[in-house]
Each structure stands twice: as C-alpha cells, then as structure tokens.
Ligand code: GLA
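Shown below, as structure tokens, is a lone chain in the form predicted on its own; questions about how it binds or moves come after it.
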C-alpha cells in the first residue's frame, strides 16, 4: 500500500504540484453472500489492504484534469459544463461521482486528480467501488462538502447506476467505505444495519486465486440476473402482497408460486433465498470457530452459483475443482459478480505454499493461463493519508 501511495503522490507532484488531499480507498472481499445485496439480503464482506490511492487538488483553471496511473491516460473536462460519458472506461466512475455530488447540491470547482491502484481489474475485488469511494471521499474533504460516509457511499452507488449503467447493490461501496481492520461486516442490505465479527480462522487462512479471466458477459448478465429476480418478486406479489424484495420470501412462499414462475426465474429466486441462509450459517460457524462448516458452506455456495445462478465460468470451475483435490483445503468458491475473477480459498497455514504451487501447475495445465495468488489482509475503510 505504501509504495502505491508514494507513486500516486509523486506522480501528482510531477504533473501538477503538491496534492491538497490524499486518500486510500480499499477494495473488498466477500466471505459469503453473492448477488444478495440488490435483493436486500445479507452479505459478509470486509475491506482489504489493496485498493485505490487518490491525490487531488483544486485550482481555478478551465479544465479538470484526471490522470490514471495504471492506464497512463489523461482526461480533461470542464465539470462546470454538462458531463458526458467518456471513451475512457475508468473515467465514467470518476465523472459519475462528480455528477452525483453536483446533483446533491455541491459547488465544485475544477481540480487536478491522480489515482492508481493495486487491485487487478476484473478480479472481483471491486476496484470500481474503491475508485468511486476514493473520488467522493477526496472531493468531500477537498471542498468541505460536509457529507457523512453513509451519504458518500450512496452517491457512489448512484454513480454506478446512472453514469456507468450497472445496477449494482450496496455491498461493494458499503464495505469499502465502512470497513474495519481485522473485522468482517455482516450487512443487512434492507435496513443497512451492520455488525462486525473478528476475522480469525485459527490455523486456516484466506487465499485468493485470480483466474486472470474476465468474460465480457459480466456486466450484461449482472443486469439480467437482477431483472430475473425482480420478475420473480412481481409474480409472487400477486399471491403475497407484503413481498417487496426476495429478502421477504421464504422457500414455502416460493414453492407456492412455482407453477407461475419460469424454470429459470424459480432457480434464481431459490438461489437468493438459500444464499441468505448461507450468510447466517457462516457467521454462526465463524463465531463458534467451526471452520470445517465454514469451508463446507463455501463449496456449497460455489455449486449453487454454478448451477442455480449460472454466474461461474469454466476457468473458475476448474480452480474450485482443483482446490477440492488439495490437502489442507476446507472450502473454495468464486467471489464477485461472476464470469471470472478470483476464488476465495480457506487453506491450512502450513499448506499455503504447496497449495499455491499445485494450483498454479494444475490451472496452467488445464487452461493455459497463469494464476495470480493474493494473500490478503483485512483493513480499514476509506481514509485520508499523509501526502
């Protein structure tokens, strides 16, 4: 993290001057609870020690200049004029946040901004939410806008909905903004109540394995899954008027409406109901230090994502299948929106190095793709850093 922060601040000084505000905005991992957030269910995420560093400074010139260190691309735009989508994909996350701040009544002047990250894009560690939160937090600090963290994370979500065009749930922005070091967060995405649980797996440790694939289905199929869940709710409301989201549905209600739902929509809804149950079961097992049960839940969750929600891909399934064959493994599953990214693996600490070696060899042999392992620490949410 410190190397990344130094690089971003040094780049800002070289291109512009000394930054007025520097921020670190973390990515997140999610222990369990995929696609439940936009169905107002439960999730169990945590902020991590990888993320986005942002350096920023105000000026009175006619253009805002935003430089992406990783892409080596510079965007120049006058934010006092109507904002339009950029050809730079990353820029729309930044402009979307500026747009939401302005809609919320903020008076912004043009500014200079440099950012860079150490979250691999498409890894399922939510680089997009980290960027949105980092920009929003930095501008809030720079211009003294007075928004609290809860307001900022909601603006980040709206930026992704309205400017980027992905109808994401609240989990990514929430965990990146509100995370605590060495703590997992159980978040109720309906009430936004949340509680923290120490991340301690005893003799076991989380290892992330990046498949280094990202299929272009990810964004479009994400929106399809959301629409399918909403269709299920609409159908079931005809018999159960109290239903507002799949969070309000149990298996008895779903089965009562089974004949009214398409086979695909039924499976999508069943997955969400059972995934909420898995989140609660995982938290209970974590509290009881029953790590074997935690691992079984991970394997079960992956199979459900593969067959019921259909958001995995051959490369990810290969990783989970290979993990099952390794000694010292308790559980493995895909993490994130789907169709690529990382698997989350619960591995005995004495087996981590041979586990990674065997997974590298097996994955390369079956797919021809190199594997990227990450040993992740759980860290704090978005915060200012010294420049």
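Positions refer to the first chain, counted from 1. Fair warning: this is a prediction, and the values are worked out from it, not measured in the lab.
A second form of this protein, the form predicted in complex with the ligand, is not displayed here; the remarks below concern that form.
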Would residue 185 count as a contact of the ligand in the predicted bound form, using a 4.5 angstroms cut-off between non-hydrogen atoms?
-> no
Residue 222: heavy atom within 4.5 Å of the ligand in the predicted bound form?
-> yes
So in the predicted bound form, does residue 50 come within 4.5 Å of the ligand, heavy atom to heavy atom?
-> no
Residue 171 near the ligand in the predicted bound form, any heavy atom under 4.5 Å?
-> yes
If we test each of 38, 339, 67, 355 for a heavy atom within 4.5 Å of the ligand in the predicted bound form, the one that passes is 38
Which of these stretches, 315-323, 329-337, 57-65, 358-366, has heavy atoms within 4.5 Å of the ligand in the predicted bound form?
-> 329-337
